[in-house]
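The chain that follows stands alone, in the form predicted on its own, written as structure tokens.
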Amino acid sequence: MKLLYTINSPYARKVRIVAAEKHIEITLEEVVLAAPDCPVKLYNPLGKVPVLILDDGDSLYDSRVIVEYLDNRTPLAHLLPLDSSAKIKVRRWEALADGVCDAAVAVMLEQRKAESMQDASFIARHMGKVSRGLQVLNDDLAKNIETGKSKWCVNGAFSLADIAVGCMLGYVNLRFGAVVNLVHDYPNLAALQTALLKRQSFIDSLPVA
């Protein structure tokens, strides 16, 4: 199997971490989406990463589909709980974390335009999504800590929820570290990030400034 990815995509990082945690070997092929010969469109009509190319030449996208596929490849260290209630909780955390990433990416792309072309209301609206999402995730972690369910997002066990949130935090820190102070404003998320960065899978996939 081969993964087409970009180095700073939080969605591709999520897939890379799941593969590492599950001890599944995949070939990594870094791509440049703007390059004329970028192969992504051959495997994903939307032209987005990550794309997992299977051994038979078929392809899977997006990250949520790929991680579920990888998690089902082996019973080792299930990152999506088998219990349906717990699985829904994990998926909810993932959905919110990915949604924060969506908003953060939208702001980043808008800010890449010439300053005279940028829409300040668009940036403010999407940064509002980022801040609200971070606050809810931080508050939900606080509930876990208060009820003695440990530092992890769901039922006291490391799961895809933690991976998704960790990848989102890495991206927010990369793009907006100057304006988003995790330690001061979202201390529970900062503590989770510290715990995650002790795992080799997170260390090996750190985004590059």
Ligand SMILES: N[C@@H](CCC(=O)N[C@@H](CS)C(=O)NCC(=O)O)C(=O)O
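Sequential numbering from 1, following the sequence displayed. Bear in mind the structure is a predicted one, so any value in this text is a computation, not a measurement.
Although not depicted, the form predicted together with the ligand is the subject of the following passage.
**Student:** For the chain seen here without its partner, which of 43-51, 136-144, 22-30, 158-166 has a heavy atom within 4.5 Å of the ligand in the model of the complex?
**Tutor:** Selected stretch: 43-51.
**Student:** At the 4.5 Å heavy atom threshold, is E68 in contact with the ligand in the model of the complex?
**Tutor:** Residue-level check for E68: no, no contact with the ligand.
**Student:** So, in the model of the complex, is S9 in contact with the ligand at a 4.5 angstroms heavy atom limit?
**Tutor:** Within the cut-off, so yes.
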